[in-house]
Ligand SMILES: Cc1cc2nc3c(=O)[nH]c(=O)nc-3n(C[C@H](O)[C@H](O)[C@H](O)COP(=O)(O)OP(=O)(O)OC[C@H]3O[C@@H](n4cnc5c(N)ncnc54)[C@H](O)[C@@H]3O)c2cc1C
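Before any questions on binding or motion, here is one chain by itself as structure tokens, the form predicted on its own.
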Amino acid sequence: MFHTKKRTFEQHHNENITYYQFSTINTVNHKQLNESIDTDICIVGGGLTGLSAALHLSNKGYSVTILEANKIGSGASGRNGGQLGIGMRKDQFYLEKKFGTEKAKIFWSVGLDAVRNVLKLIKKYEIDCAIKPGVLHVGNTNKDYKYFLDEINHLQKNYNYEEIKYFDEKAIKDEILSDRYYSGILLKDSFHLNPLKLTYGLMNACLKNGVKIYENSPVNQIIEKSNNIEVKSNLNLINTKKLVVSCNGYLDNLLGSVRNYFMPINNYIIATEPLGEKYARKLIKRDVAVSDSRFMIDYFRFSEDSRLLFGGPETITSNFVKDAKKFVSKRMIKVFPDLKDVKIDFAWGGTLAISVNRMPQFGTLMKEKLYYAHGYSGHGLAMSIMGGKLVADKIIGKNDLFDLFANIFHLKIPGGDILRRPIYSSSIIYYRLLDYISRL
């Protein structure tokens, strides 16, 4: 039996509206669960992983019920930076060293397929999510070009990958109007989009398939039975043959000690007033999404209405900062000093799950009646949707890729709840120091 009291999702209740909520129309209001029901598959968490799993399983004829503690897309799925990038959170050099060349190539293939899978879903279900091509990784130091050139050469030689373009110091300053970057690589087959619009698009596809969705229905207990699982939400009981837990950074202690394999961290984004298409192209020439080479990365892009969306800072404590606008603006102005007087219309935060090795964590419990997928480590827009697909594949008997990820050895953060946060806080301070030194 698992039981939870602490609820991370409640931290958003007092926040102001996000840009994504402002720009996205949702005409569907889901009722709160107020009765006991039976279902083939119960999914806890109405984000991208849960919706993806629900969509794939309902396509196979299963009855599926989603329990969302807050609102659909209210967590990181509807709050993230919107970068739909290929690959894993770690590069191929790391993956080859850690897992060997054969597995590293499978991970690479999954990373490519994750983006392609999202593109197929967008096309199939006609989801208008303001998708645009291109993700540009930029180097903060004058030494980063060596890594970029090595990576390009390695990917071309060993992975036959050609969807990549290098920019030297002169070229990158023509692409991004900032003096902070010295080089860059553009991934042509990566994209950026409005993640809440994508989330609602998948939600609507699930509804057409007959998936039942309940909001404001947090799960209090998970109880294993001999042939099924009982899920308690408030005073209601769901009897389910299979249970999928897809809460990511909002998992809390719903699965007991499983939470000790990742660190939930809070990240923040701001959105400026509309700057106009002409000025937006002056700042980011190709209208691509950008992320830098810092340990504590900055990431930014332009929205569909020409607002600069800028994010990156992470806080040491588990509590959200009181003034996210001020917190993030300091970083934005360092990159674009000319924006110091620009109005910030929106500021918000979200919680993500960072694993020690930055690889997603998949697994099963209760004799493969319970499945979970989380720990996307800030690279989850494509992989979270792929994660839902892999969970669905596992349930219907396609085990290979799910088992590949499930068999990854993950280090547990020592000390449990007592030491997990202090260890993380120390790491944040350490990496901030490294970022500072790298700029000297």
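Everything numeric in this text was worked out from a predicted model, so none of it was measured. Throughout, we count residues from 1 along the sequence that is shown.
This protein has a second form, the form predicted in complex with this ligand, left out of what is shown; the following refers to that one.
Screening 93-101, 171-179, 358-366, 73-81 for residues having heavy atoms within 4.5 Å of this ligand in the predicted bound form returns a single hit, 73-81. Note on contacts: among A114, V219, V244, V288, the single residue with a heavy atom within 4.5 Å of this ligand in the predicted bound form is V219.
L352 is the sole member of V118, A324, L370, L352 with a non-hydrogen atom within 4.5 Å of this ligand in the predicted bound form.
Relative to this ligand in the predicted bound form, residues F22, Y200 and S303 are all farther than 4.5 Å at every heavy atom.
Heavy atoms of C42 never reach within 4.5 Å of this ligand in the predicted bound form, leaving it off the interface. Looking at K394, you'd find every heavy atom of it more than 4.5 angstroms from this ligand in the predicted bound form. For Y250, a non-hydrogen atom is located within 4.5 Å of this ligand in the predicted bound form, even though that partner is not displayed. In the predicted bound form, this ligand sits within 4.5 Å of a heavy atom belonging to L48.
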